[in-house]
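Okay, here we've got a single chain as structure tokens, the form predicted on its own, with questions on binding and movement later.
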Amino acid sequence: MANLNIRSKQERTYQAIVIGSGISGAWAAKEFCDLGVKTLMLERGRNVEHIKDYPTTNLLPYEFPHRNQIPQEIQEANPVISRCYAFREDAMHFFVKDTDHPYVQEKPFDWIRGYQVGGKSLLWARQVQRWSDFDFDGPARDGFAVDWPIRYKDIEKWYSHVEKFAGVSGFKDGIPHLPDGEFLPGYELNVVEKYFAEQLKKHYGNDRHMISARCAHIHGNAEYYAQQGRAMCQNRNLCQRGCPFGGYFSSNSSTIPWALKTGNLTLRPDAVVHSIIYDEEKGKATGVRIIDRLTKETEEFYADVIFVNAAALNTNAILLNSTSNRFPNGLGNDNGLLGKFVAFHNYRARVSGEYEGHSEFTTSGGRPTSGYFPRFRNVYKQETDFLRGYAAGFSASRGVGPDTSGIGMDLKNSLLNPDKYGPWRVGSHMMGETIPKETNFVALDPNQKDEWGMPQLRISVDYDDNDEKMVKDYIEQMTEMFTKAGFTNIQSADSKQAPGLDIHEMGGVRMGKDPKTSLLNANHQLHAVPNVYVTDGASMTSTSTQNPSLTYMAFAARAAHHAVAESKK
């Protein structure tokens, strides 16, 4: 508490505080600032400024000391993060190292994190599919979790709001359970992907679709995005380095600089949030207590409204650590459910194959997206022995290019004498919905603390029988579809990877209609502390199958406007 009273309380008082600068936190801050609200955004990591702090963005392959590979000693010291597909030499500075921020795994859980301004918005896969009422109705229809307190009509205009600003490329596909949005021109499927889509229609009618995945990349209307300082996607496929063109949406390229331009945003990096301050006399939260990441000094900030957007599991940790006489088990945790009913997406299974047709074609250039299977299992009725279903990715590429793995003369020879193109290679990966369960939870470890004296997070999350049946069905169904399309050499694989590697952890502070069975109401306010909002993954009642970030953004924008409207009453 050494620095607690150095600055006056007035200097540390704002109208709103947003905890977290990732994809949902920065959206909340942008909306507040556009509405004239003086906002403090707290980020536990270092500052990362758009373009200035992308050190590898324009490096050529030979300029990386290890040819974009992670040195063996770093892999061995960081086994969790080394399992992430994007953890390579060009982006390793944006990932949290296992050794720097330990956590307790009661069951294996690969927790992938990005502690810097912008968070994981610099690293995300940029896939943005809307939810529909087939998703929001799920828990009530199928009898798991609790009923969502909102439906598609409540969030529809906010999807449009964030899509227009972020820039989403896609086609209007007219699929009832994957609503169309405000799209920039989409990216075309290649010839074999189109062929596969036609085969699905031939064999399954209008029940199964394979479309171009909607993605948060600027593909047209560059003039509109120039006001954000962003330009067209250059199809470099180097997004994880940070894009100097702002071609894909990130907090760093879009919402944060936009909010800063209003003059209403104060950005405070290096602020490890300790807890939310609850005033028992006033019966509401009044501020946030932080620990400076570098000096370890404690400081407090105050505001009328507080948004917790620290990324799903860290949002749980902050609320669990926010104890008081009124809330001895964590802020708003009257029902004892805080930290429970955590869920994720099941990415374990893949199916691959080859295709001898269309041999006169190949592809050239890059593309920031791929094919996408909207969910087709249990959409309109329960038809399998497992609940819910899965979406899937799909892509086709042509044969073998030059071998770039060597060095020196071997590499030169490979580049100058590439192998002839082989058959098309096709592949798919599943994105399964998992069922939130009370037995999947996070809690604060009573004994182990981190470098800042904060309790380490204990994670106990696992698959269940429903997930195993879903993996089996995905492999069977995708193999059947590949076979009917004439693909050959069909192979399937179950990685058995731990939960967490999907980077879609959700829940723990779920929304609901009843304060006895949920933490948040329909407006994302804590039932028991209405001036505290949660709009990141922690708020998810169920997970559905779509990549969740677009929904977090829409939630954050909607809730920010609600908070401002409430403040004027």
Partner chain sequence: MNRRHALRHIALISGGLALIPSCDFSKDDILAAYKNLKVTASQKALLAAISDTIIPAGEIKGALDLEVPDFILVMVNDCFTKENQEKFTAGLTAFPDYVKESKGKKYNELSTKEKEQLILDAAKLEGDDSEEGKRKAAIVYFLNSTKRFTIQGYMASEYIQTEIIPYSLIPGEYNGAVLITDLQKPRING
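Positions refer to the first chain, counted from 1. The structure presented is a predicted model; accordingly, all values stated were derived computationally and were not measured.
What comes next is about the form predicted together with the partner chain, which does not appear here.
Contact between Arg398 and the partner chain in the model of the complex is found at the 4.5 Å heavy atom cutoff. Shown alone here, Lys484 lies farther than 4.5 Å from the partner chain in the model of the complex, counting heavy atoms only. Interface membership of Tyr421, defined by any non-hydrogen atom within 4.5 Å of the partner chain in the model of the complex, is confirmed. The closest heavy atom approach of Gly406 to the partner chain in the model of the complex falls within 4.5 Å. Contact with the partner chain, judged by heavy atoms within 4.5 Å in the model of the complex, is confined among 275 to 283, 234 to 242, 474 to 482, 434 to 442 to 234 to 242. The partner is absent here, but in the model of the complex a heavy atom of Gly366, alone among Gly366, Gly174, Gly263, Gly143, sits within 4.5 Å of the partner chain.
Just one of Leu320, Met92, Leu178, Ala271 comes within 4.5 Å of the partner chain in the model of the complex, counting any heavy atom, and that one is Met92. Residues of 320 to 345 include none with a non-hydrogen atom no more than 4.5 angstroms from the partner chain in the model of the complex.
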